[in-house]
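Just one chain is shown here, as structure tokens, and it is the form predicted alone.
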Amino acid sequence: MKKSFWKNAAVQSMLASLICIVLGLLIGYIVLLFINPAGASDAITAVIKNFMNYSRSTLQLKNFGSTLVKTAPLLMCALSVLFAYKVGLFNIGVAGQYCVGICACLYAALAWHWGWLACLLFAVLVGALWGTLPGLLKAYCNVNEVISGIMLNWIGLYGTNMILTKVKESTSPYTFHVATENPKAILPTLGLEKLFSGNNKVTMAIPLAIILSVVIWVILSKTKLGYELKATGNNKNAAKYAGMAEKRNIIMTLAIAGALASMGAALLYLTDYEQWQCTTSSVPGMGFNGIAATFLGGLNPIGTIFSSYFIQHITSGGAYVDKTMYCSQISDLISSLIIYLCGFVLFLKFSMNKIIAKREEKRAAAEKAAAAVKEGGDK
């Protein structure tokens, strides 16, 4: 039983993720000690506690809700990366897909005054079309999706800046508030705000993102489509020989990945939690954090739910670090360390399997030697 327990993929993923989390927090604590040892313990504790830094339960619930609001788009970006990775593609263009999702939902809401459902679907459609571009280049021109994805990230960013200047405030670089300009574009709360002390930013985005995680798991694990997509990713030539449309599968995969990332953007910006700054000069970190959440979750859609929340929990917790002792970027540094170490999850799982294989080999050799000795004694 012990052997089967440690070889279980879910157990290995959980252990690898926990090791990365502990190492990230430990290294972050050491960095804090070097900068200012007097407040290191309080700072790392504040990051871990996040909304629990408040003493009143109402404030705790309200800020817990705010963390969940940011978790929903992060989860969608993680699912975007995961879906493509399962099919053998690395969707590093998720940040650009996230940008065009912001552009689509905000322009539809602020310029055309569409309702929330139309804005959400429009973002999904635009994201799918944007994801199709690297898919077409990969399928028909054999252009690596990483190269085209990186380039499209910047095109998406500056295109978003340019288009959304038409719906921005005249005295600032920020877009208009959706809640003020077009209240019908705000996602329904479904009564969830009552659970979080009246935090009206908590909407249907959170349960919707969780439901989509389950749907992605079902598609990849339980359907013929999922099997064909994964077969194409493993070996597109073998998939073609087996009668599968490998080009169509590559394009479809990146289109779905783009749709998921863009939906994540809509799930955040249609709550009016944030405004887009039209002078933004770097792609949103949400897309790259999604890559970390994917690997920290063990490349499993269900595990990704928990890893996305954890990364956002740590990121939000950084806001409670004492800024009189540490610079404002220290919270980003700590969360970045943890996010960086998330990339070692697969390496740790590989190391575990290697150690287990060596132990099993030694055990088998010992059992074989014991059996030979016993056989010689019997003779």
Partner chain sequence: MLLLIQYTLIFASVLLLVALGGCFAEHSGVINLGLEGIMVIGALGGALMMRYAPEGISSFAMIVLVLLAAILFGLLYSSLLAVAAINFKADQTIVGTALNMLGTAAATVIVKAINTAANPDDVSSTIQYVVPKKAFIVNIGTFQFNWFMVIAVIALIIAYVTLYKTKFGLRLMACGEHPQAAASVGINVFKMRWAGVLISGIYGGLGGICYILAGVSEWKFENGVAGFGFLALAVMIFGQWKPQRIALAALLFGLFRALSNVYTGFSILTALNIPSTVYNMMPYIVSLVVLAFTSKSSRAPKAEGIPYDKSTR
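Residue numbers count along the first chain shown, from 1. These numbers come from a predicted model, not from an experiment.
Omitted from view is the form predicted in complex with its partner chain, to which the following refers.
This chain is drawn without its partner chain; in the predicted complex, the residue among Leu110, Ala231, Leu192, Leu137 with a heavy atom within 4.5 Å of it is Leu137. With the partner omitted from this view, the residue of Tyr227, Phe306, Phe90, Tyr174 that lies near its partner chain in the predicted complex is Phe90 [heavy atom within 4.5 Å]. Although the partner is absent here, Tyr340 is a contact residue: one of its heavy atoms lies within 4.5 angstroms of its partner chain in the predicted complex. Contact check for Ile102: no non-hydrogen atom falls within 4.5 Å of its partner chain in the predicted complex.
In the predicted complex, Leu333 approaches its partner chain with a heavy atom inside 4.5 Å. Although the partner is absent here, Ser57 lies well away from its partner chain in the predicted complex, with no heavy atom inside 4.5 Å. Considering its partner chain in the predicted complex, the lone stretch of 120-128, 199-207, 284-292, 267-275 in range is 284-292 [heavy atom distance within 4.5 Å]. Within 4.5 Å of its partner chain in the predicted complex, a heavy atom is found for all three of Met151, Gly159 and Thr324. In the predicted complex, Leu137, Tyr140, Cys141, Asn142, Val143, Val146, Ile147 are the residues of 110-147 with at least one heavy atom within 4.5 Å of its partner chain, listed from first to last.
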